[in-house]
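A lone chain, given as structure tokens: the form predicted on its own.
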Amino acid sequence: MVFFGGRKHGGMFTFNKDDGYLEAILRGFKKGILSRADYSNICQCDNLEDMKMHFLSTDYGDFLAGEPSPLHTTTIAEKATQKLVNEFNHIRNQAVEPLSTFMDFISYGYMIDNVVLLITGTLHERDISELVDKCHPLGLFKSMATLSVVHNVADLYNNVLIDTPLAPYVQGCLSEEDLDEMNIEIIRNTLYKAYLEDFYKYCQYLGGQTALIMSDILKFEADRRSINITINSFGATELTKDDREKLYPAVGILYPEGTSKLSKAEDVDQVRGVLEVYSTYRNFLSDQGMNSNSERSLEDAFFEHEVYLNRMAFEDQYGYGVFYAYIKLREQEIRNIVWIAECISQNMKSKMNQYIPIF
């Protein structure tokens, strides 16, 4: 969908000329990811003020300084996310082509979530300023400044969306009428399908270690979306099997044979049967994983495998996979911190160890 005419990154002998410094900074950031010992210490905290004190001895430092008591988990999540955004922007602002475009591709996924939030809010006549506050900071775009003129979906489409980096996806997949009539999750998955396919093609265009590492990561992301679309569509009368198949990304281990079978599945057992022949996903839909009483959900299985793939990206060099992997690992760390903080706040320490360790 997007024309790739820029230059490619260097190989083993020339990569460091443009990107070595930023990769070194990123690997320094990676050293600050919480260790198992840090998680063990955090889990022994009796309240959120104790957590705040423990963070002083980690890479998070005094990121909660100045926050009034009592602390709330939402505050911790916002401040931790802002720290991640600052690190992302520090690298993005110094990046040159093609790393700068690669970093932009990372932000497009968050832009899609923000666009879907804006569409949903506009349809329900929510206050625009309230919606902007809820947008993910990694997915902000310049045309958000024009949101004050938005009064309906038509304004949003014509004055905002067509001026975003997502415009090729929006114009290629959706019309103004679709925003008003189509189910919001179908809009989200339609945009994500176009985005993932485009990102995958760009990584293949870059070649080298970037194509090698990002191929595995993006194929998994595409498969995860295909599996979730299938399971979530059971019982959804407005989504036919043909419509479901159109939402599957044309990328992934499951594509095309597995996704073709998924489109015909009518219940979770049939999905399990499709995944049975793929060793990567064979245990994701085990009886334990789908049991509502089980501590390990399907979502947990996805997160665990995502952490594994992103962790393995750091075993390689001379590619951009580490820049994507770092963002995703930090996101998982934030989910872990919020989970532990919620367990402490609600005095549910028996469930506290259900986080997903990273290193």
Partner chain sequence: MSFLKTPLWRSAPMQMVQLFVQIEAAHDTVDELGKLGLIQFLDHNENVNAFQRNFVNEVKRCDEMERKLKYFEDSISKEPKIAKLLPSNLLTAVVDDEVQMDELEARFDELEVELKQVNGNQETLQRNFNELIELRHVLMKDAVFFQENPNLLEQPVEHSAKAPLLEENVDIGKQGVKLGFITGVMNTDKMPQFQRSLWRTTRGNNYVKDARIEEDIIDPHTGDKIAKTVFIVFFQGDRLAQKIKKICESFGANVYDCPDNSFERSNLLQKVSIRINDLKEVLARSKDHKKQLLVGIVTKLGSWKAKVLKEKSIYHTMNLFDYDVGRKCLIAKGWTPKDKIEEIQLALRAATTRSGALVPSVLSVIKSHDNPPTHFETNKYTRSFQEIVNAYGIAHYREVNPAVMTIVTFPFLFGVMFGDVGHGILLLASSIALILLEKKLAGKKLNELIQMPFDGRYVLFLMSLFSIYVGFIYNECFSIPMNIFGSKWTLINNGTAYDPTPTGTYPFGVDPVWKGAPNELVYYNSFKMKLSVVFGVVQMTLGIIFSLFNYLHMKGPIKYVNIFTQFIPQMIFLWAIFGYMSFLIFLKWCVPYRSMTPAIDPPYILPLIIDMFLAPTTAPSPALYTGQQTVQFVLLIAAFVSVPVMLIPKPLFLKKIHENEVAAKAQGHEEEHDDEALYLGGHGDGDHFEMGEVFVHQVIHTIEFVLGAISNTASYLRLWALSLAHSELSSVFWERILVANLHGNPFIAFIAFAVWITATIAVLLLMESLSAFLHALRLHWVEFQNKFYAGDGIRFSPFAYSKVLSGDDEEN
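In this text the structure is predicted, and so the values were computed from the model without any measurement. Residue numbers count along the first chain shown, from 1. Take the two forms, superpose them, and find the largest set of C-alpha atoms that agree within 1.5 Å; that set is the rigid core.
Although it is not shown, the form predicted in complex with the partner chain is what the next lines describe.
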*For the chain shown here without its partner, which stretch in 315-323, 329-337, 51-59, 22-30 has non-hydrogen atoms within 4.5 angstroms of the partner chain in the predicted bound form?*
51-59
*Quick one: of Gln270, Thr101, Ser260, Ser143, which gets a non-hydrogen atom within 4.5 angstroms of the partner chain in the predicted bound form?*
Ser143
*Of the residues Glu245, Asp155, Asp113, Glu197, which one places a heavy atom within 4.5 Å of the partner chain in the predicted bound form?*
Asp155
*Considering only heavy atoms, tell me if Ser35 and the partner chain come within 4.5 Å of each other in the predicted bound form.*
no
*the partner chain contact at Glu130 in the predicted bound form, heavy atom, 4.5 Å*: no
*Does any heavy atom of Leu298 come within 4.5 Å of a heavy atom of the partner chain in the predicted bound form?*
no
*Consider Asn159 of the chain shown here, and say whether it contacts the partner chain in the predicted bound form, taking contact as heavy atoms within 4.5 Å.*
yes
*Taking only heavy atoms into account, state which residues of 91-108 are within 4.5 Å of the partner chain in the predicted bound form, ordered by sequence.*
none
*Core-aligned, is the CA shift for Asp269 between this form and the one not shown 2 angstroms or more?*
no
*Inspect the rigid-core superposition and answer whether the C-alpha of Thr122 shifts by 2 angstroms or more between this form and the one not shown.*
yes
